[in-house]
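Listed next as structure tokens is one chain, alone, in the form predicted alone.
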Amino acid sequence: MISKEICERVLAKAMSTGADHAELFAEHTDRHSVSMVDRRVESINDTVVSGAAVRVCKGLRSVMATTVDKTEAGLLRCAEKAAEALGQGNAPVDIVLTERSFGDIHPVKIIPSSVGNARKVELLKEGYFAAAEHHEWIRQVTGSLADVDRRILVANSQGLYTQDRQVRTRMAISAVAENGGDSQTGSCSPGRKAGLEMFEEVNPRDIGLHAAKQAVTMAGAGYCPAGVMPVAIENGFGGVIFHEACGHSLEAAFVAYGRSQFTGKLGQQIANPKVTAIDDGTIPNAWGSVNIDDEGHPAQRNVLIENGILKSYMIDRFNGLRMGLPSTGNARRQSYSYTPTSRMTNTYIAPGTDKNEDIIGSIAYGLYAKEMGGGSVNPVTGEFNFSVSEGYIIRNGVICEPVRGASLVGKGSQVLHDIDMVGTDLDMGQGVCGASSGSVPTNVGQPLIRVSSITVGGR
């Protein structure tokens, strides 16, 4: 992408006013998407993101400049602007880079760009029409198939020169069902850090059926009663409750500044002993995985909570300096135009030993949250509010009628203690997480869990 020799000269220019660290990040990303609505292909889009960023640091000060001009002259101008913004001075340095390869643990069999639009439309139609033709209540279906081919380069003044290629594929189907004038939605959007071979594992028809069945079920459901009760949260997307309510509070972007409910609690009991939580960027071909993070650090498996004890945070280089802790391979950014910071990759509650039937059977009256939706959280206090996309009432240990309009309200530090049963069947769901460094792909996951007591909001 950019030669090692050019990178050396650019970094030297960036360091010229006395910085103690300089970094060059360059990328070329091709995005392709096909979308359908009203039973026809609505659009086929191609987008290219190409540019570079030069970041310089001195102590806990950081300045970043960006450019779309990746010629040597353009990069040198960008480095000069960053150096000038950091401070005045004259500190000539020699930069010697050594190329490093961290390997590829996420092999891609079918590069999406090698496949024509006709095949992609065919795959999308399978999912779309499976949803559209599922039930007479289905009124509208939208669908998309997107793929990303991201090539990045990271070089820094510590001598690192490395490159990586990140290919991802995702299909999303959303359905609207109407019953008696009342509309409800259902959705399904699996993705992988892989090419179109994803569909050897995931059937497009199953994606459409999942979305449509959820919409029809919720359109025929009554409203959820409100109150404090036990809740069983299913695997896969159920993991969003840990991601939002607790995961963000374990990112160095919040911890380093004391804006986290878990600041200063390493080694302390912060959860029920049944809870072990992990962020693992090394899972082969998982949606949130990377070979290297956006600072060039190799991906890691980080145990965040072990048997209820806080063991680690998710840390990028810059915030790690403030904390006195090394990077954990969690520096991420949407593109070169965003400053990287600590972010999650594949974050999940590890499998426990409780049987699913015992978890459901232990609840005399409560809620079964089959699938979680969106929500919000305050990382400082840990207070959260999440919608339940698909929920059911549990009576006497039996899953009964579906209910809609449910939400879960609580505090992250408390819900960790209230998770008192953890099943064995880990699964993950795919999402896109937005924060200060933009939107990045993340996996959320868990087995079926029981929260002994939580506030359930209803209509």
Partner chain sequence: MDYSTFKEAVIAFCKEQGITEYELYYQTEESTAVKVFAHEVNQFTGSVEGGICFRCIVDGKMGYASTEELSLSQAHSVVLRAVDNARCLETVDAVFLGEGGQQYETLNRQLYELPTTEELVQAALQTQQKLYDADPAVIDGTTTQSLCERKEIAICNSKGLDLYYVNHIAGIVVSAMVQRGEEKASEAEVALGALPTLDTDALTAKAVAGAKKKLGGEPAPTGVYPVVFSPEAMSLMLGAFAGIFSASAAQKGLSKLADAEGTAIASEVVTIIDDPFHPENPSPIPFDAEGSPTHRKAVEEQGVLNTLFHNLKTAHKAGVVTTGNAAKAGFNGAVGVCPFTMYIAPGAVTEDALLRQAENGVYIDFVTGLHAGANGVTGDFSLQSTGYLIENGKKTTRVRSFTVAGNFYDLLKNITAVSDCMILPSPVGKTTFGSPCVLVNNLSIAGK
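Values in this document were obtained by computation on a predicted structure and should not be read as measured data. Numbering follows the first chain given and starts at 1.
This protein has a second form, the form predicted together with its partner chain, left out of what is shown; the following refers to that one.
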Among 183, 203, 113, 362, just one has a heavy atom within 4.5 Å of its partner chain in the predicted bound form, namely 183
The one option of 393, 426, 26, 65 with any heavy atom within 4.5 Å of its partner chain in the predicted bound form is 65
Query raised in the report: So in the predicted bound form, does any heavy atom of residue 284 sit within 4.5 Å of its partner chain?
Result: no
Quiz item: Is there a non-hydrogen atom of residue 318 within 4.5 angstroms of a non-hydrogen atom of its partner chain in the predicted bound form?
Solution: yes
field: Proximity of residue 176 to its partner chain in the predicted bound form, heavy atoms at 4.5 Å
entry: yes
Give a yes or no for residue 407: in the predicted bound form, does one of its heavy atoms lie within 4.5 Å of a heavy atom belonging to its partner chain? yes
Here the chain appears without its partner; judged in the predicted bound form, the stretch of 290-298, 191-199, 136-144, 158-166 with heavy atoms within 4.5 Å of its partner chain is 136-144
Within 332-348, the residues having any heavy atom within 4.5 Å of its partner chain in the predicted bound form are 336, 337, 339
